Each structure stands twice: as C-alpha cells, then as structure tokens.
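Here we start with a single chain on its own, the form predicted on its own, put down as structure tokens.
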Amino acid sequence: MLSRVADNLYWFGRYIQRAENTARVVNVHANLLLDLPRKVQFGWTPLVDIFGAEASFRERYTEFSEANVVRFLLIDAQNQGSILSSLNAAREILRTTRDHIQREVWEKLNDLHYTVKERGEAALSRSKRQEFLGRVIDGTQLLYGMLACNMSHDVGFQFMRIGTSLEQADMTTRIIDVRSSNLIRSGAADELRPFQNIQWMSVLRSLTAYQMYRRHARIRVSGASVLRFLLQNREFPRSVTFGLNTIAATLPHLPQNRAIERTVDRTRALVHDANLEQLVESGLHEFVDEVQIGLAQVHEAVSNAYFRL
C-alpha cells in the first residue's frame, strides 16, 4: 500500500474518533453542571488547555466564557480540533481514498457533517447542546461500526485501527485530565469534597463507561478505582491499556518495526505500573502528561516507519 494512502486511512480513523471524543469532553462539563449544586461556579479555561489550544483560542476570543469555549470546540472552523474541523478533515481524506472505503460511509459522513454545520449554532445553548452532542457521538459510532463490519480487514483497515485506537487512548487521558484540572474555581474545595464521587461518576459517563465500571469493579465509585478501570482495564474498549493492546495486536499485520513495538511496550508499562491511589491525592496531571508523551511517541514511531518513506 502507498504510504500516502496508509497515512490518510490512519488520520481518517483519528479524525472520526476525535470528533466523537471532543463531544464527550464537553459532556464532562454538561454532566457536572447537572449533578453539582448551582452555587458551584465552573471555569471553562481547562477545556481549552487540555487540547493545547490556548494560543489559538486567544487569537479570536477575549474571554474564556462558556459560550466562547463551546463555540470554539464545537463549530469553530479555524480551530483544527473542533468537531466541525475534524469532520471536514475526514471528508477531505475520504475524497482521496474512495477505493478503500465503501460509498455508504461517505454518505453517512456527509449527513453528519451537514448536521453539525447546519445545527451547530443552535447547539451552543445549554438546552440544545446535549441532544446535539448525542447526535455527534451516535453518528461517529455508526461510521466506525460500518467500517468494522463492511470494510476488508486488510492492511488499510489496520492503519485506520491504529489511528482510532491511538486517538481513543489519547482522548481518554484528556477526559481524565478534565477531572484533574482546576475545573472548579478556587475557594470551593471544602464545600465540594462531598461531591468528589459525583465528579468521578461524570467522567465515567462521559465515556459511556459507568455500567461497565460497575460490572467490572463491583465497588463504589472512587478516584483510584475509576483510574484503574479507565487506564488499566484490558477489556473495556475506551481504556488506555485496551487501546495500546489493540495497536500491538495490529503490528503483526504490518511490516515489522521494532521501534514501534518498544515504544508501545514502554507506554504500556508506564500505565500498568502506576500507583493510582497516590495519583488521586497528587500528581495526576503530571502522570497524564507522561502518558500523553508516550502516546505521541507511538504516533511518531508509526509515522517514521510507514508514512515518511
């Protein structure tokens, strides 16, 4: 397979997964707004920070208000990480890879793209936002389901699978980081202590993980147990370990490259050996940064091995 086509399929998987999970990150806030007392004030700056997009945000907005941040993440075409931009990028890739992906996927992607483009403005209000984000999540899951069931699981599919798995692992760490960031403005720590478990529960729900967590963990929601499930569980598809294991499982279908295998193994070991109880008390943000660096190194290793020929 041409390296250009492999690169396109890899990024197609990443962009579709990114659109879905950007919707999920915004949902973390939506769930907390519903579950916590009205007197609790939220800061929206961390939702921009976790995407590393502060400079881009400040170029066009003067205030980190709810309205500005939600617009930036949902429908701002100049933000390369917005839902609209991710779907735009996926559509452009699909134009050049028609021979590798079935026509029905193109039609469904077009439907989702125009839904976001035409209804995104109305979705900026709280009353419409949940439904809109739900449509994005359902639409992207439908696309991936069609690809998994109807696309030949050849080399092209394996590259798309690597992109999807890497993006999911990265975004799971970012959603966890929403919880570790200063979402709740200073001065409210004491009164929010009784609501710690509610916040962790919202992280699970943002990943549609609450029911599976209860099935696997069989204990009350707590910070360490949620981290263990989302970082280390081998069976839940949105956990970081599951994503890294999936990447490792695809490598035998591709030309052998020891650099990728070593990078995946290092990142898996970092996640597996983490002291989660200690991280809940302090150092979670720094640990997530380390994992994200490891995932970025996996991306670089894959790019160097297969795309930059």
Partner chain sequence: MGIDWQRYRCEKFHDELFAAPAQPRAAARRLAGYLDSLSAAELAERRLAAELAIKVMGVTFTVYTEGRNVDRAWPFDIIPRVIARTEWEKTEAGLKQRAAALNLFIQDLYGPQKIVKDKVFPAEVLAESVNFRPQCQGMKPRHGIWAHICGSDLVRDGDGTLYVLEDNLRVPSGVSYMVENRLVTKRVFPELFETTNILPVDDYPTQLYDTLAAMSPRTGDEPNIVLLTPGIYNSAYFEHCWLAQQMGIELVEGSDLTVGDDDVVYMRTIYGPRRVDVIYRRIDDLFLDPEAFNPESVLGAKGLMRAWLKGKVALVNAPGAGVADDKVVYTFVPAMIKYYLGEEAILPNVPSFLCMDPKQRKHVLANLETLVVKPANESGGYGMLIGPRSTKAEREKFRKLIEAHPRNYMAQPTLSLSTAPTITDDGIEPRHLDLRPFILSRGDSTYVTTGGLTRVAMVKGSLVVNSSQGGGSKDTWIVDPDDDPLAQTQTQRPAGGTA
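Residue numbers count along the first chain shown, from 1. Everything numeric here is computed off the predicted structure, so don't read it as measured data.
Unshown form predicted in complex with its partner chain; subsequent notes refer to it.
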property	result
Options 165 to 173, 97 to 105, 127 to 135, 78 to 86; stretch whose heavy atom lies within 4.5 Å of its partner chain in the predicted bound form	97 to 105
Proximity of S303 to its partner chain in the predicted bound form, heavy atoms at 4.5 Å	no
Partner contact for S65 in the predicted bound form: its partner chain, 4.5 angstroms, heavy atom	no
Its partner chain contact at G52 in the predicted bound form, heavy atom, 4.5 Å	no
Touches its partner chain in the predicted bound form: A148 (any heavy atom, 4.5 Å)	no
Three-residue site L2, A6 and E92 fully in contact with its partner chain in the predicted bound form at 4.5 Å by heavy atom	yes
